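Here you'll find one protein chain in two forms, each presented separately as structure tokens under the names structure 1 and structure 2.
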Structure 1
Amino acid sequence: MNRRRHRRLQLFRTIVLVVLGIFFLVPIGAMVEFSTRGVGINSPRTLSSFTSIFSYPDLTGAIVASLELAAITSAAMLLLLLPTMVWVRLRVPRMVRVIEVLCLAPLTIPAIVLVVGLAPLYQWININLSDSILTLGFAYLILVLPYAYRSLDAGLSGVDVRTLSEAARSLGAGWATVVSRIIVPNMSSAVLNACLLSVAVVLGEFTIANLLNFENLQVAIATIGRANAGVSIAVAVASLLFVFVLLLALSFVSRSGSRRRRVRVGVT
């Protein structure tokens, strides 16, 4: 009976993986086929759409701006959310649910509603501070809070934060040392997952940037798609591959970190 159940479970897993693989790979394959299609009916495949990406100055600037926004948003998210979650768990555990509701609230608010509320604020920022696209980091920080919170919350749930912090504090460590050198290394996978989700959200955001008259990657893709659909699809494929490479790097870093921790535990 155990062998039969194991075989059924393996068959079910295989079917689910195949269905999900088809669901995700077929659209990506269609995008690659369209972006490498030649001009004529019998023309050979070409990579001209990919090679001409950097010939559009506006597109190059939008790619750089989106990458900068992704880095700024990820760093701001960690600086704001991680110390707050650790402090709440240690000092005021009754506020955990309140922080959770506040962080998950952006999921219930449509992007168009957020833009209506943010438009007067950004009008003031553009006049008094700066009109740079990097100011979108404030809005994107709100968007990534639900995804980052869930990832960090899962990591903190698997760590005995109170015991580790009390032990470090008894040895004379400050709160910054406790968070950066004690807690974060024990939940590195959750931190990397939160950063990856933040990068994916920022690179795929369109509504807020478009309605606030900023040109990020997705707005540039939509603009170029009106004139050259092949290049816009090529940029979309390249952005998907970039996120996929980040996911592979995340998995490699997580495995190497877990192996190092196992080796340290074995040595001690």
Structure 2
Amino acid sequence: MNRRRHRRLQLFRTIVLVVLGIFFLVPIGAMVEFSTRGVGINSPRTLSSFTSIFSYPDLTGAIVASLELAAITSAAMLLLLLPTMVWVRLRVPRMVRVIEVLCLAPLTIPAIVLVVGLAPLYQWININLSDSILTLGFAYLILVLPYAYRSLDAGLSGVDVRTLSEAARSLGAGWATVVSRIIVPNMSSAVLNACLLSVAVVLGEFTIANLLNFENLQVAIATIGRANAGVSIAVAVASLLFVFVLLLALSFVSRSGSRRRRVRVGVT
């Protein structure tokens, strides 16, 4: 590259990255600052907001509920979506498009719209089946469909599903064995990816829980925020950190996964 253009480009990149870096880091820094403030003016920094998280039973209950929902949703996603996707690829390829459209549909139907239609449904469920917060899992599974679908689809396209399953079945494996022992191990990083994304979506969900009057993590943060901003911001910081670590883990997982795939191609 031309030296003058190179220097100008470097300057431009530095300015852009620094300015936007500040824009994105300041609010997060401000949250940390806010949550460690003491009570009076000029009082020393304190972690009391963080330690008092556990003195709010509603909050701890909501945290537990959200974690349970995250686990349930991920598991249900795998049980429902993965066998369906494999089945469709093997047995009814013309349905692949239909499944894709249905899975990506929640992207064009905002959660706030979905909740309008879910409200009467949940009235019925809460009266006739259960009024547990865990019933939210049904709705959350819809929310995570697009993300999970994309991730699993990418994983499946890297595996020759047809050949692998035909080979396994010719050796006597049954359907469940094909999926759990042959397909999943060959796309483990995509499966993990889909799970982590689902967890992130569920932990961040507010709209549906709030409007269906369930108290999950985000709703609890919002409620407490009206009374004690310090504590709710402390929880927000903690949950943000948690999700960030989760996504960071995800980026490592997907990287090592792709490296392994490349090696495998090189060998064959």
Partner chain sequence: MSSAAEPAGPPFRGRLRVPSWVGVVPFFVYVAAFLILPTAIVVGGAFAGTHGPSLTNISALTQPYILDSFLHSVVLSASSAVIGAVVGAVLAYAVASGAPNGVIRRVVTSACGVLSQFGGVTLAFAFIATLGGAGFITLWLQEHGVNIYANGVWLYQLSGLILVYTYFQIPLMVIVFLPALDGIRPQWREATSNLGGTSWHYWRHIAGPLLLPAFLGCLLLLFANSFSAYATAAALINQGGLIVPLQISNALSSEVGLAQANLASSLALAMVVIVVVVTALYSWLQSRTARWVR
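For the two forms, the rigid core is made up of the largest set of C-alpha atoms that agree within 1.5 Å on superposition. For numbering, take structure 1's sequence and count from 1. None of the values given here were measured: they were computed from a predicted structure.
A.B. asks: Structure 1 or 2, which would you say is the form predicted in complex with the partner chain?
C.D. replies: Pick structure 2; the other is not the form predicted in complex with the partner chain.
A.B. asks: Determine, in Å, the CA shift of F244 between structures 1 and 2 after the rigid core is used for superposition.
C.D. replies: Displacement of the alpha carbon, after core fit: 3.1 Å.
A.B. asks: Using the rigid core as the frame, report the C-alpha movement of V19 between structures 1 and 2, one decimal, in Å.
C.D. replies: Shift of V19 at C-alpha, rigid core superposed: 7.7 Å.
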